[in-house]
Every structure is written in C-alpha cells, then in structure tokens.
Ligand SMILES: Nc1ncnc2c1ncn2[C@@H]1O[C@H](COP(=O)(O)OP(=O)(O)OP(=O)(O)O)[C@@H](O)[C@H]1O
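One chain is shown next in structure tokens, namely the form predicted on its own.
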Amino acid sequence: MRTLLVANAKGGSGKTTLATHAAGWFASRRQRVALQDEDTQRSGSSWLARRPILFPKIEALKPGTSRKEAREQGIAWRIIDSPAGLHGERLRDLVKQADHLLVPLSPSAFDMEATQAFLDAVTEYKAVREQKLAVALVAMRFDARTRSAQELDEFLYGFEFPLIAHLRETQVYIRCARDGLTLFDLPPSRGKQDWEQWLPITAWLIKQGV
C-alpha cells in the first residue's frame, strides 16, 4: 500500500480539491483507493457521500486510521486530506505515514507566507532530507495573466521541491465538488483542458512507482 499526503498549513489552499481528484484518478485506473479525511471541516467526506454509486469506487477511511489498518483492509492507495494549521507532532506523524507529499497553494501573499513556513518545517524531517519522501508543489487557481500568478511562480521556483503543475481556476472544480465527481469522471467535452493540466501530476505519481 502507498500513501499520498496532501498537505499545507494554510487553509483554503486547495488540499481537498487536489486530494479528491487524485483519488478519482486512481479509481479511474481501477486501483483500490481510499480517502482519509483528517480535516475538521470534513469537506472530503461530504464530497464522498455525494459521489454517485455507479462511478468508480472511492472508499472512506475514518480519521486516525493507521497505515497498518489501511493495509489490512486491502487498500492499494490511501489519500490523506490533511487539516489546515497542520504543524508540530501531528505534521510529523502524517509525514511519517506518507510515501508521497503534494503541497498545493494559491497565488496570494498569505498562502506564500504560510507555505514558506510549512516547507521549512517539512525540509527538516529525516525522510525528506534522505529523499525517502517524494515532495512536489502544485499551483492552484492559477491564471497566468495575473501579476499574482507570476509572483507565485517566482516564489515556487525558489524551492528545492519540483513545481509539477498549474491548475486553472474554473467552475469545473466547483461543479465536481457539488456532485461528488472528479475530472476523470467527465466526458472529454467537459474535462479535456483540465485533464491535460493534470498530466504532469499523474506522470509524477507514475514516476514515484504507481
């Protein structure tokens, strides 16, 4: 079993969007995947409850489920949607359980400031220093025409971790959240542009040993 942790200490950075769509991609590949919602707002759990029964199945793991417990349930991929404000021992515990870490953030000064502190903390962990935990960054709600987007790119390229994708701000994600769907459940006429933006993320996951 592999564990993908989606984390950033900043609330509203796009963690649940990234976590649910990653789960949807694994489900579309017929992987046995589960979403573990550690966020107190339970947005991921609510999304999963709205998911149509006929679409590729994504299982639910209760908060606090250990790696051993998930493995015993036969899960191939566990996606952890982490809470805002994640730091200290809780962050250390989730990082220890993870094989891969995706860090989303949006183009704002508040997001960049919070992410700087978060990545500084992550860099200190042994698993990261020894490159046993693969870490990558994803720019969320990205509009290349804006100055804030340019500033975000400049900020992200200053880290040792790769910036692997830019995901645009679009109503498609909002409708998917409302309906319990992901891009990978949509017909090409509705999802093609956003599928293409996800290709670097799925390629990164494949490279990590999916």
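Numbers for residues come from their place in the sequence shown, where the first is 1. In this text the structure is predicted, and so the values were computed from the model without any measurement.
Unshown form predicted together with the ligand; subsequent notes refer to it.
When contacts are judged by a 4.5 Å heavy atom cut-off, Y173 counts as touching the ligand in the model of the complex.
Heavy atoms of M112 never reach within 4.5 Å of the ligand in the model of the complex, leaving it off the interface. Contact annotation for A84: at least one heavy atom lies within 4.5 Å of the ligand in the model of the complex. The ligand is not shown here, and in the model of the complex it never comes within 4.5 Å of any heavy atom of E59. The listed set Q41, Q150, S46, S66 contains one residue whose heavy atoms approach the ligand in the model of the complex to within 4.5 Å, identified as Q41. Between the ligand and the residues M140, V95, L119, L137, the one pair within 4.5 Å by heavy atoms in the model of the complex involves M140. Residue heavy atoms within 4.5 Å of the ligand in the model of the complex occur in exactly one stretch of 48 to 56, 23 to 31, 163 to 171, 66 to 74, and that stretch is 163 to 171.
With contact defined as any non-hydrogen atom lying within 4.5 angstroms of the ligand in the model of the complex, the contacting residues in 1 to 26 are K10, G11, G12, S13, G14, K15, T16, T17, given in sequence order.
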